[in-house]
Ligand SMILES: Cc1cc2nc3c(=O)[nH]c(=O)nc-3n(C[C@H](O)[C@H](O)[C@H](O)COP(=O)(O)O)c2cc1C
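Encoded as structure tokens, the following chain is the form predicted on its own, with no partner shown.
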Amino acid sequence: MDFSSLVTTRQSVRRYSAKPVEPEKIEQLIEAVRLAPSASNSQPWHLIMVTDPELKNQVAHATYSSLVSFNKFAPQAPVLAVLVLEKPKLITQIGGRLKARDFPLIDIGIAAEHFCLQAAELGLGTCMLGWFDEPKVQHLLNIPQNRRIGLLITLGYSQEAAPPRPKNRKSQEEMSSFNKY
């Protein structure tokens, strides 16, 4: 699939089939994250692939509550990916302070998009989740308390065989310009 088709096809999936994700595809996804670029090559992430069904369901249930229900689809996904923020290289930390930039968050976003685009190319669906009970997920996955979770990504085969939904995006004129703001 060429890149233009890939970015047009990739969309957030919120209905998953029960079909398991093949181990070789999970390995390709791990490799896509491993190869993602980062500030000063810090690679400030640790990727946890949650494939054990019982543990995956416990983590998925930590992404919603009775008050916040928009992630109730998460248990349908056969796999969850958890991107944990790691300490970047000292040069990246210094540069981030000097420039008032949180480079590890930018890097996590790049790694997550590598994951999601690779998944789409493999015929898999994903959805990035920023809302979750972080202390609960940390406890379930034995993540040290001095680490933050960047985000979770649901992964699996889409239950919907329909073509991708139209993307509701700003026009190019609204979101870009040449030579000045």
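In this text, residue numbers run from 1 along the sequence as written. None of these values were measured; they are calculated from a predicted model.
Not on display, but discussed next: the form predicted in complex with the ligand.
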Q: Look at the stretches 138 to 146, 44 to 52, 22 to 30, 122 to 130 and give the one with heavy atoms within 4.5 Å of the ligand in the model of the complex.
A: 122 to 130
Q.
How about Arg169 - does it come within 4.5 Å of the ligand in the model of the complex, if we only consider non-hydrogen atoms?
A. yes
**Q.** Proximity of Phe73 to the ligand in the model of the complex, heavy atoms at 4.5 Å
**A.** yes
Q) Can any non-hydrogen atom of Arg165 be found within 4.5 angstroms of the ligand in the model of the complex? A) yes
Q. Heavy atom to heavy atom, is Leu151 within 4.5 Å of the ligand in the model of the complex?
A. yes
Q | Members of 1 to 34 lying within 4.5 angstroms of the ligand, judged by heavy atom, in the model of the complex | A | Arg10, Gln11, Ser12, Arg14
